[in-house]
Structures are given as structure tokens and as C-alpha cells.
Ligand code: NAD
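Here we start with a single chain on its own, the form predicted on its own, put down as C-alpha cells.
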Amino acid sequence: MTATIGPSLDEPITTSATFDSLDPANGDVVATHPIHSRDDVDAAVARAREAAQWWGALSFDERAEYLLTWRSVITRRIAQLAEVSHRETGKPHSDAQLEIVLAIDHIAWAAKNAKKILGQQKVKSGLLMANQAAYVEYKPLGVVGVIGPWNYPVFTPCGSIAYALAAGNTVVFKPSEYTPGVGEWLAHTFSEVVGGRPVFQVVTGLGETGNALCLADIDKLAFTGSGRTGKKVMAACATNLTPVIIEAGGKDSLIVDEDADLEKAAEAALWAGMSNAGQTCIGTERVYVHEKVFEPFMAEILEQAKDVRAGSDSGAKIGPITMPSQVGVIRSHVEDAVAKGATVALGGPDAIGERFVQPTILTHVPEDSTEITEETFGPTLAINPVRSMDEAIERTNATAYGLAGAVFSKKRGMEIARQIRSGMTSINSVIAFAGVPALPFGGVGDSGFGRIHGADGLKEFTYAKAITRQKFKPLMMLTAFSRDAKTDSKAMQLITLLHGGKQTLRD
């Protein structure tokens, strides 16, 4: 997954300049946008800081009402937003609409559940502190910066934006330079809902604008993009000790056991590998199939792939490669695999054009090829047979990435899924976890850290506030200089009684 903050974190911001967003299918200019300078970004953050006093002081119910109204606005105008996304990413309208549908559901969940998850809760005080009532609540951080990607320009950033807003923060969002119009649309519609208050703002530009947001007076930054750029983000944010959430790339696998429903497994692998032209961080790039069912699986997926074609016409199932430089990466990975002995089952080097890449399926791909080891981010699948599920798990985990994945198995799905080193796994489906708002979303290793979505995602944009209230005078006054030897003795007797004997889980 790729989002950009620029080739150098030290380059100066360009002022009084603009850039064009282009239609990746034909290179036409979609719109022209400002390159916001460092001063512009700082001014936006200052406005957000002031707006946070109002937004953060609202009750959870009041914020929920605004967010649910915004959800309704997006829902009523879904075709309009899908058209903007289609123009800027090249993805088919139906795919753009599906992404928005998922985002709408997440906005609603965050709005409706923030109070229950983040509001004040009473916790047990324990015997030593029996005279104290204990509470915890989760307070907003203040201003959250979000740097979003171009491949899912609505769903992915809304996983940070909606949850940060529901938690009581204001947001400054820097969308990818490939999809600035989507970001502006989201911020504009939210501004309508809150009467023009700068609760959710957008700054547009190239890498330097993203760098400026990292260095600005924000309280946390949520980034989605490549691991390489994520390291630059962390370095910039470290200047001010600004905490970060990093959602980087993946090299996810789909495992097919010998008892799997091969038709459904092939359908899932094909869609997860080819939809959105393969430009999905949680999509499938590797497939490990039990050798007993490898041949029938291949026959099934190749049969289904006959109807999948890249193009800009209404009959095409996938669109162009949104970021032009990615075409070279895709080509290099496919050529490396073939040069090392992989078999081309569909597509291949000749399927890679200037703007469009036709579906490519390779088999018996060497595990040391870049098609296996590096994120390709294109409509390719590397499908290899394995002798056992233990081998499939071992190969799946033999990567620095750890984002997502899938398992198809009738009997051992949960057993296999729990052994995969990743933040998310679906059993007998693909990317289902992304559509469940209550589940956390994120990875491990080179796929990043921190979580969006769910209770974990709400808490990411808060700090825990602990409060105790004395209910009655303590039986033993331990926190005073008047404490004497007799009190110390009683405390030791009590702690020995509580913890000195053989313990059980019920203690």
C-alpha cells in the first residue's frame, strides 16, 4: 500500500503552487489542487486545535449525532463520491461504491459505540484499596493528523478519521496526491454537517505537505502507506515525540487445505489477488495449496479467470494501475520469478502494459524471488503446492510482513489461522475482518503497528485517565508519615494472606 510524504523530509515546502490529479486510465487532468505549504499546514492545525475545545467538550451522544448525520449525507451522495474515486483511481464504479459502503458502516459503528468503550467505567479496587472507588475513562488526544493512501481513498483513511472524531479529536487529513479530490469531498461534506467549524480539514499537496503535517503541532499521526515511507514518517514525528500508527504493506497468503471447497477457494483467491488491480494491502499475493488438490485448484481458478480483464470500458472487471511507477515494480517481480523458473499459467510479462496490467498467475514460484518476498501491488498471484499445512504455515510466516491472510479448510481452519503470524486472518472467506467494525485492523512486523477499527481503534486516539475517590477512611493508613510499625505488620499479614499461599486461577 503506497502513500507518499516525499523523497526527503528536509526539503522545503513549495508555496503558491498547484498540482493536478490525473485519470490513470488515460492521463487526463481530473482537477487542480493547491500545494499547501508548511505555514498552511500549521494554520490548519491551529484551527483544529481551537475547534477541539468545542468538539472535545461535546458529549458522546452529541458527537454521535453529527457523525451519524455525516454518514447519512455520504449515503445519499454515494454515487457522487464513487464518481470522484473512479476518476482519480481508475477503479470501476461498483468497486468504488463497495468501498464507500464499508466506510459508512464503520462511521456508524464508531459513532454508536464510542460512549460505551471510552466513557467512564468503574473498576474493582482490590482488597488493599477497598476504601477507594476506582474509575477509568478515555480522553481525546486533541488534534490527530492522518496521511492516507490512494488505493482505498475512502475506506482506509476513514478507519482513522471516523474513529478519531468519535473519540473527541479534531482531524487534519493529508490525502494522497493521487486522490486529493476524495479527501476534499469528505472534509467538505463533514464541514456542512458541523456548520463550517474546522473539526475535520484537508491539506493537499505532495510529499512535502505530508512532511509538514508530521512536524506540525499534532498529538498523534495515523499513516497508511509503504514501509519505506512509514520509516520517514516515524523519523519526522520523532522530532516532536509525536506518537504514530503505521499501517504498512503486506505480502498476504491464502492457504488451501486438501478438504477445502476448491470452487470457493479459487473464487476468493482470484478476487483477493486481482480486485482493485491487485492494489490492496490486505489482498492475496501468495497462495499455498495442498499438493493433493493443487491440479484441480489450478483448473478451477484458471477457468474463473477467463472473465477477468483490465480496462476502462464497462466490461472490464479491474482498472488501471493508479500509480504509474508501480508498473515497473510489477514487471520486475514477474520477470524475476520467470527468470528463476516459475511457470506462467496466465498472463506473464507480456500482460504488463503502460497503464493496465492483465491478470497474471504464476505457479511453482521460487521462494527467493521478489514475487514471493516483496509486495507486488498488482494483479498477480504466485500459487505454489505444499506437502502439508505445516509447510503452508511455515512459508506463509517466512516473511517480514504480517498484515492479513486467509485459510480455506473445512476441519482445520481455526487451527491453521491461529498459527499465522499476522494481525488478521479470514477462514473460508477473504478480507471479511475489514467489514466487521468491531474487529481491530492492523499488522505486525514490517506491516506496521497500532490498530484502527473496533474498540482498539477508538482507544488508539485517546489516553487513559485513571481516577480514584475515597469512599471511607482506610482501615490502615499506608500513605502517610504517621504510619507505624504496627500498621506495617498488619499490611504484611494481609499481603501474605492474599498472595503468600498456593495460588489458583480463582484467587
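Treat the numbers as computed from the prediction; the structure is a model and nothing was measured. Numbering starts at 1 and runs along the sequence shown.
The form predicted together with nicotinamide-adenine-dinucleotide is left out here; the points below concern that form.
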Legend entry - Heavy atom contact within 4.5 Å of nicotinamide-adenine-dinucleotide in the predicted complex, the stretch among 95-103, 369-377, 425-433, 286-294: 369-377
Inset, instruction - Report whether the minimum heavy atom distance between Phe200 and nicotinamide-adenine-dinucleotide in the predicted complex is within 4.5 Å. - result: no
Inset, instruction - Flag Asp252 as yes or no: does it have a non-hydrogen atom within 4.5 angstroms of any non-hydrogen atom of nicotinamide-adenine-dinucleotide in the predicted complex? - result: no
Inset, instruction - Classify Pro320 as contacting or not contacting nicotinamide-adenine-dinucleotide in the predicted complex by the rule of any non-hydrogen atom within 4.5 angstroms, answering yes or no. - result: no
Legend entry - Contact of Trp150 with nicotinamide-adenine-dinucleotide in the predicted complex (heavy atom, 4.5 Å): yes
Legend entry - Whether Pro175, Cys214 and Ser226 all lie within 4.5 angstroms of nicotinamide-adenine-dinucleotide in the predicted complex by heavy atom: yes
Inset, instruction - Answer with one of Gly413, Pro437, Gly142, Gly207: the residue that has a non-hydrogen atom within 4.5 Å of nicotinamide-adenine-dinucleotide in the predicted complex. - result: Gly207
Inset, instruction - Taking 4.5 Å between heavy atoms as the contact cutoff, choose which of Thr360, Thr156, Thr170, Thr89 touches nicotinamide-adenine-dinucleotide in the predicted complex. - result: Thr156
Inset, instruction - Using the arrangement in the predicted complex, list in sequence order the residues of 398-423 with any heavy atom within 4.5 angstroms of nicotinamide-adenine-dinucleotide. - result: Leu403
